[in-house]
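A lone chain, given as structure tokens: the form predicted on its own.
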């Protein structure tokens, strides 16, 4: 291991574990993205009724016993599955590793809503007698639960915590893992984001009250960022956790390297509870570029955050123009490609940024940019040079990816990954 890590220490991704509405490993997920396969389907949830959602279908019992699943949370199961799959993907000898030097950093949008809603619903049938309240409620609802469940399942005695960063959380988990490796607080980081959002009716009711919940007769066509007829967010669950290592450690063990985290940034809009601020989004992108010592003309692929809300998509596109276009509106890099992943799976909240980055990582090897689907009529306010719409685009090479994730209360995050 490196004896004196620093902020200059190179951090690389060596493993990817995920469950998404259209795939339970990176290969299946990537295949779905390139074939235009949506993971959105009909969904019914109490009080709200029939709606649409991105629903994961993974084997909870692959790494947990039934008793553990019953005692824990959906977010915990998503996290355990993703973390275990990431370790396997990274080729790590788990029995030989010093687990006191493993850190777990999991981004979440919210946690505890599901369990509290369920308990209130149950005691309603007993005239709200709290003696029927589950004694598992408190450990289920503490904010560190998803990360903590991972450590319990995997015997990790290093640091663990969650990062509440709204829908920027997947990137926040990745950034935190990298920083802790650079500080020498751990020698291996399991980092990314998870979400159990579809299990709480409050999320759906809240977006519906804002007029921001998508509807469509065809579930696969419901999530439609940049489209003139977009109607809002499709709520999704999911998880994606990366294995992060110092470059020297990964190279020494001959690890497969997906890419290097060369730049990142987080900032705040400080302007509105829900409406994004393109000035601050653009500043966040520039901050990440500065950290990566990279010009906007050196980015090959931009993964957008766009959620298919009328205002949010327009504001992000405005931010992207300020960074990646010149005064005439032309791209500073004629080869730049821009895509969106929520059009396939919906908005996975705390897991969104991590899942969206993961879906684009294979482009380093196959030279293909997956598209944004469901764009039948591009909104003129969302027009950008380089948008890849409805069909994948093959190019000579993709060497640098920039991935945006933004969230409520004006939290912005950007990560830049470079091919090694």
Partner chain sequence: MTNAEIKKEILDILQAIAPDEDLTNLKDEVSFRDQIELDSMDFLDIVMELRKRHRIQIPEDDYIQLDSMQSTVAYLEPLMKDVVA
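Positions refer to the first chain, counted from 1. In this text, all values refer to a predicted model and were calculated from it rather than measured experimentally.
Below, we refer to the form predicted together with its partner chain, which is not included among the displayed structures.
Comment: its partner chain is not present in this chain, but in the model of the complex one of 247, 132, 201, 94 has a heavy atom within 4.5 Å of it, namely 132. A single residue from the set 164, 184, 159, 139 has any heavy atom within 4.5 angstroms of its partner chain in the model of the complex; that residue is 139. In summary, the region of this chain contacting its partner chain in the model of the complex, judged by heavy atoms within 4.5 Å and restricted to 316 to 324, 79 to 87, 303 to 311, 123 to 131, corresponds to 123 to 131.
In the model of the complex, at least one heavy atom of residue 71 sits within 4.5 Å of its partner chain. Using a 4.5 angstroms threshold between heavy atoms, residue 62 stays clear of its partner chain in the model of the complex. In the model of the complex, its partner chain stays beyond 4.5 Å of every heavy atom belonging to residue 42. Heavy atoms of residue 66 reach within 4.5 Å of its partner chain in the model of the complex, making it an interface residue.
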